[in-house]
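First comes one chain, alone, set out as structure tokens in the form predicted on its own.
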Amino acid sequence: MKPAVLAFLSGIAVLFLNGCGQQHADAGPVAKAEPAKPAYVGATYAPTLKQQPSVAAMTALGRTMFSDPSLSASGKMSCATCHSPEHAFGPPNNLAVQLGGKEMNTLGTRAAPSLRYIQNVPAFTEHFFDDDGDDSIDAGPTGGHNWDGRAPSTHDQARIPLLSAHEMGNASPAEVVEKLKRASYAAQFRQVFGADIFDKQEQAFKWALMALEVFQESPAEFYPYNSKYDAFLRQQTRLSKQELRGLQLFNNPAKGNCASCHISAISPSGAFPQFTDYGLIAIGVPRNKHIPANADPKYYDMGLCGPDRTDLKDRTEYCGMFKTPSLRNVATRKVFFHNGGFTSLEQVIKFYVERDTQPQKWYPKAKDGSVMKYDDLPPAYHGNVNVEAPFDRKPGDRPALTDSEIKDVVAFLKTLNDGYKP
């Protein structure tokens, strides 16, 4: 996996049990991870308002908008349809990709991610350097929202589903604004942003997106840091023996090596871990035949180099790369990876450790009997696929994790679910 944002702490479980984390025992529910200022402060269009909206008012308005299906072309789909508050703001079902569009009968091309713990996602850059004082290690493409990192902020990300033909289906920002003008909370929108807010459609649309972003900066709803693992870091509880084994396997670079991308340690600044390094990586996930677009053998979703993202379409070294998501609340999901092709955590981890040792279990065979490895990526780009541990093996080698160890890792991942009460 790609170079870690933070150095690996091989003995983290033992260290915390011995009191290394004492300074964080009373760190509070979010440690140091909350944003320093409201998302809209410093926005280029902030001065156009005659009044300065409050964070509380924008949060309340954004919450209402988030659950409003009337903002879609079908009148049946809201942001919460795919990002359910009851499911860690991820999908509430086991569909690989969600239904949307004007008639609610169009399937998308990518799985809906969780919107929790994205408050610190940096804007996309092709060259990311750790903030640990060592500026010599280029971690490569990092940051941005969406599976391909193309949206630089949460409000830019909110624009995409509102205008996507296979999501909320609006033809233009003006169409969204017209729906807001007719919404039951139009008076609330005017109260927050000013009586003349709808006079300029472009301004109204921008502030609608900003209201959605400010809502998604709400700590209690989007980054509560109240999982069992957070309580463990604060020394408010202990992990079971199985969970501790899972944590050690998760961190061990010779075993799961998960922490090289899914950071599990408290940062040097004191912030609790997000369980992602925000990077983009190619791991060769098998093609999901249940996605309608994949019925065309010439169609490939190659993440960073297209087709949804177009500014890097000529950077072929990026083809096949997708965002490394946070693993917080991952055990609440029913489908995994950008194409929703896997349906359990056990299956995901088995793929990780058997992709190279038993590829015939995960990829189809060609007519000549050969295994079509990395079948969801054109052969010209197979060299982009990551080969670091646990992908550093060849057919016939022993997988990095046994079945028993996979169960231990899954047990640990379940400690990342929010809502734990010590």
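From 1 onward, residues are counted along the sequence shown. Given the structure is predicted, the values throughout are model-derived calculations rather than measurements.
What comes next is about the form predicted in complex with ligand HEC, which is not displayed.
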Segment that reaches ligand HEC in the model of the complex - one of 229 to 237, 291 to 299, 338 to 346, 194 to 202, heavy atoms within 4.5 Å: 338 to 346
304, 88, 327, 247 - the one with a heavy atom within 4.5 Å of ligand HEC in the model of the complex: 327
206, 179, 110, 287 - the one with a heavy atom within 4.5 Å of ligand HEC in the model of the complex: 110
Candidate spot 274, 318 and 416, all three touching ligand HEC in the model of the complex (heavy atom, 4.5 Å): no
Distance check, residue 142 to ligand HEC in the model of the complex, heavy atom within 4.5 Å: no
Residue 167 within 4.5 Å of ligand HEC in the model of the complex, heavy atoms: yes
Interface membership of residue 66, ligand HEC in the model of the complex, 4.5 Å heavy atom rule: yes
Contact label in the model of the complex: residue 312 to ligand HEC, heavy atom within 4.5 Å: no
Those residues of 274 to 293 which, in the model of the complex, come within 4.5 Å of ligand HEC by heavy atom: 281, 283, 285
